[in-house]
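Just one chain is shown here, as structure tokens, and it is the form predicted alone.
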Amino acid sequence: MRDLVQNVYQAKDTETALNLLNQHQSEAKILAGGTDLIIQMREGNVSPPVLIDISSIHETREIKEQSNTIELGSTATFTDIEKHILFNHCLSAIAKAARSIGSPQIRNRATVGGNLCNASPAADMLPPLLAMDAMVVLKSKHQTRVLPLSEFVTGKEQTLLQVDELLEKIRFQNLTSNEGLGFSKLGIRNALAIARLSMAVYLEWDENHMCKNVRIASGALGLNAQREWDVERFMKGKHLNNSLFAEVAALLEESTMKRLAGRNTMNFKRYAVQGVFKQALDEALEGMDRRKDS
């Protein structure tokens, strides 16, 4: 593996990283946590001549809130997210998703930016960030682009990131009153689990307990993590009760059967998706109840 890499650069700031990307472009790969890239290189799946190490850049590791907008730096590790005060209360579902990833050693190294840019169908951080309607900030030497995360991921391990661009940060609005977020994951094992199925639910209701807004995102139910747009449209404007939730679970089962038709996992996931949805939904509702009581 070492013989394939001709140059390794340690970028101390974003400007240096962008200059290096502009210089090397398609020859270069970004190295942050390295938990996926190093494995891919060892297995011979990728062989970049140039590595640009951005793990020491402080500005891309920051997590902060300004005017109710949360900015999550791309090189923030899952441990950073899990322990940050912003994700210890109403946004605890995001900490829960981070905590579900791998071992403590992996969480200490793996970054949220790597998780999004690798765009695995089972990427654990994609569903909660999709449910929060997150935007990604993409930066090159010459321009800055801001895209919805739902558009950024285009397929299995495919994104709109260009060869001279760096994913700098992820932005989304913090929750306010009558909003909640839940996350649920069904893994192969309790430890080091890769998601067989995951789901995040963002929910907003009005004083009459009507569904004012909802965003549902699933992972490992297709070629990439995605929003469940049809289900969201079905829920909006309806009274939040067990009857509606049962109808939504049935819709998710039907959608899963169509999406996974012919795959060995279809019979398992058509039923599992209903339970995972219900768990994420309950967590979103509980989060709203806790905020009302506080």
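Please read all numbers here as calculations on a predicted model, not as lab measurements. Position 1 is the first residue in the sequence shown; the rest follow in order.
This next part talks about the form predicted together with a small molecule, which is not shown.
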Looking at 119-127, 172-180, 211-219, 142-150, which stretch has residues with any non-hydrogen atom within 4.5 Å of the small molecule in the model of the complex? 119-127
Exactly one of Leu72, Ala93, Leu203, Leu167 comes within 4.5 Å of the small molecule in the model of the complex through a heavy atom, and that residue is Leu167
Though only this chain appears here, would Leu86 touch the small molecule in the model of the complex if you measure heavy atom gaps against 4.5 Å? no
Can you tell me whether Asn224 touches the small molecule? I mean in the model of the complex, with a 4.5 angstroms heavy atom cut-off. no
Since only the chain is shown here, I'm wondering whether Ser255 would be in contact with the small molecule in the model of the complex (any heavy atom pair within 4.5 Å). no
Contact between Ala261 and the small molecule in the model of the complex at 4.5 Å, heavy atoms? no
Does each of Met135, Val248 and Lys269 have at least one heavy atom within 4.5 Å of the small molecule in the model of the complex? no
